[in-house]
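Shown next as structure tokens: one chain only, the form predicted alone.
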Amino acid sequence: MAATLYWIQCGGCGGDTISLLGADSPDIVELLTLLDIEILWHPSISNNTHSQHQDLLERILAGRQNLDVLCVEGTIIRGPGGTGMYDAIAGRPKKDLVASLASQARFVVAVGTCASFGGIGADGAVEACGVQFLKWEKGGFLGAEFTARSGLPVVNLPGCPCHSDVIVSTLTALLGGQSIPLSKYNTPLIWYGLLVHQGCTRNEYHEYRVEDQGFGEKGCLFFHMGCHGPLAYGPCNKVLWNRRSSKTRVGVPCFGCTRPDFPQAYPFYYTRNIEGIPKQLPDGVDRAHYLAYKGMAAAAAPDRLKDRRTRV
């Protein structure tokens, strides 16, 4: 029997759908065939009529239609005043539909940062939150104790958007019965167990504090340009976009889009600092040791690194 999948888009831009449709190894058609997945509903690719969709929902919620995977894209909008009517479908708040479908699903997957942690609307009047988190705090919409029929909590796949390989591999593992070790933020450790910085091709510049102070240079973007690479856990330098690039590889700071607090309330291209030292230090680094180490490292920077900091 084919595994079934229902994909609901809540408050968001649809970027995770676009990412999934761009998958190439396998592409989405091959994925559905290889995993024997039947898409019950996806707003971008399904052609059900409204009445057919409503009948499908009734069958799922009544237990007459099996639901293996519920994918939630976009933030859960609870406003105004907890009604959820800022984001409704057929006169029904989407938040209520998410809750009902989640109670029937074998797995619940939050695709993208908005669905995982709340994202753009988490600080606004729309009263948004993630499916099982509100930024750093577990709970979110479904509550901290929620588990799907499989016994797993909501599996979070943050990213703005989430890389297609992460979505594909997670669905493959879940439906293949493989164990998926999760972080304390319910993210698969295979993808979110390392800092974006750890795979950055500009690592050596960081170690010797050879710093970028503007776009087009060849140095570390962390000290002045707002790069979150040493602060964010994600796959961005592990699996490349279009098999060839990432933000830091083309000289753009990591925005930290996999972090629970994304997007931050301060400028993207500026590193907040105290007397020239970033306010947020690399994860696990002590400030006093950082001051001493980076001072010595900068003094010891080899000429081949400093000489390469030329405009391109």
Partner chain sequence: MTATLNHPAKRSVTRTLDIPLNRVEGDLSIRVELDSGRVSEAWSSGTMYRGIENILLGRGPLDGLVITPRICGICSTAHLTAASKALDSISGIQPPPDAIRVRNLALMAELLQSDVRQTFLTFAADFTNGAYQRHPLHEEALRRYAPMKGETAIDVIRQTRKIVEIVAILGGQWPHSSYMVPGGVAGVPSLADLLQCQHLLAGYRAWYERRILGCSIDRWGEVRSGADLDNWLHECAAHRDSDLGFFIRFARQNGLDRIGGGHGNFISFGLLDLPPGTEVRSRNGSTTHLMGGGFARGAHITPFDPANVTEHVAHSWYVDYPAGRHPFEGETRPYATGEESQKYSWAKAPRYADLPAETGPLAEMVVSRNPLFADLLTSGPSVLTRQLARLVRPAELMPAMQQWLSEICPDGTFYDPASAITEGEGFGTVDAARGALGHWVRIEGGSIQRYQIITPTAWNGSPRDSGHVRGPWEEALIGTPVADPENPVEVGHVVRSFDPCLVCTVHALRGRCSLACRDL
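Positions refer to the first chain, counted from 1. It should be emphasised that the depicted structure is a prediction, and the values quoted were computed from it without experimental measurement.
Here the subject shifts to the form predicted in complex with the partner chain, a form of this protein not shown in this document.
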Worksheet, complete the sentence: If we test each of 229, 140, 219, 161 for a heavy atom within 4.5 Å of the partner chain in the predicted bound form, the one that passes is 161
Worksheet, complete the sentence: Picking from 89, 173, 134, 99, the single residue whose non-hydrogen atoms come within 4.5 angstroms of the partner chain in the predicted bound form is 89
Worksheet item: Is the partner chain close enough to 126, 245 and 252 in the predicted bound form that each of the three has a heavy atom within 4.5 Å of it?
Response: yes
Worksheet item: Would residue 284 count as a contact of the partner chain in the predicted bound form, using a 4.5 angstroms cut-off between non-hydrogen atoms?
Response: no
Worksheet entry | is_contact(residue 40, the partner chain) in the predicted bound form, heavy atom dist at most 4.5 Å | no
Worksheet item: Can you check whether residue 32 is within 4.5 Å of the partner chain in the predicted bound form, heavy atom basis?
Response: yes
Worksheet item: So in the predicted bound form, does residue 50 come within 4.5 Å of the partner chain, heavy atom to heavy atom?
Response: yes
Discussion item. Only one of these stretches, 99-107, 146-154, 117-125, 176-184, has heavy atoms within 4.5 Å of the partner chain in the predicted bound form; which one is it?
Written reply: 117-125
Worksheet item: From first to last in sequence, which residues of 70-84 have any non-hydrogen atom within 4.5 angstroms of the partner chain in the predicted bound form?
Response: 77
